[in-house]
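Quick setup: one chain, the form predicted on its own, written in structure tokens, and binding and motion questions come after.
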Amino acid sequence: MDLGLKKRTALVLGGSSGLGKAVAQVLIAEGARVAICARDSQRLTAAAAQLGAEALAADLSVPGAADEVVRAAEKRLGQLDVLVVNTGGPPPGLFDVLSDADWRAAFEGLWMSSVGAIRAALPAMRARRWGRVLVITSVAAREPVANLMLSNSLRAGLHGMVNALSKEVAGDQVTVNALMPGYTLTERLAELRLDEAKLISQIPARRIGTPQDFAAVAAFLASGPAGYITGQAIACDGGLLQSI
């Protein structure tokens, strides 16, 4: 299938490693021009050189940074057709041990950076009557995961925003969807120090996902043929979620 991404442009936040890097790689393979953003400028530069992407360094937890990155991407690429919001996961922790500062930091880094980037990208997409917004969340947004209080709480809210926003922009041929990775072989999984053998026993597919598994779904949702899919939260989890 031709995904119709040749000559399209995309910005992938958190694109220097893990899921973001995999999504950027597949979009480039489909012919899109891609800019990637990350906080670590050294890792970002290396990833951009490897992928053939534009590098835009920024700390998205800083108020206003997400808006600036979108503007820079539009300038560098000429326009922005696809926005992939990938902010990474907040630190683990139970409710009793999380401070007000932990909640505020997670809110700025995960929630407000997402809102800022989307708000900056939408006007031009709506004016051109074509756009794709993909928000990478987590299966924790639908079924809470133990010890991930911040992620469980804030990502579920993002799903509400995705669905509500999709209704506002659908008439302008802009889609807004959430993508939920399950347990995937990334640095985030290593940071959580989970028992991989136990995880695999819980996944019906009997394996942990790869970034490439996830990126394939992202590429389709960014494509022309996916123009009638909007307001959805789609899991790529090997059947892990129990909910319908």
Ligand SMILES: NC(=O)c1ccc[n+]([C@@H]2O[C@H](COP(=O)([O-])OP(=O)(O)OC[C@H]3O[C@@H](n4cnc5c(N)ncnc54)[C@H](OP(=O)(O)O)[C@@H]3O)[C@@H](O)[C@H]2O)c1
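Don't overthink the numbering: it's just position in the shown sequence, from 1. This one's a predicted model, so the numbers in the text were calculated from it and none came from an experiment.
One more form of this protein exists, namely the form predicted together with this ligand; it is left out here, but the text below deals with it.
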{"property": "Residue stretch of 163-171, 127-135, 86-94, 71-79 approaching this ligand in the model of the complex, non-hydrogen atom distance within 4.5 Å", "result": "86-94"}
{"property": "Output flag, 2, 30 and 212 jointly within 4.5 Å of this ligand in the model of the complex, heavy atom basis", "result": "no"}
{"property": "Contact test in the model of the complex: residue 195 vs this ligand, heavy atoms, 4.5 Å", "result": "no"}
{"property": "Partner proximity in the model of the complex: residue 58 to this ligand, non-hydrogen atom cutoff 4.5 Å", "result": "yes"}
{"property": "This ligand contact at residue 67 in the model of the complex, heavy atom, 4.5 Å", "result": "no"}
{"property": "Residue 34, heavy atom within 4.5 angstroms of this ligand in the model of the complex", "result": "no"}
{"property": "Residues of 38-58 having any heavy atom within 4.5 Å of this ligand in the model of the complex, listed in sequence order", "result": "38, 39, 40, 43, 58"}
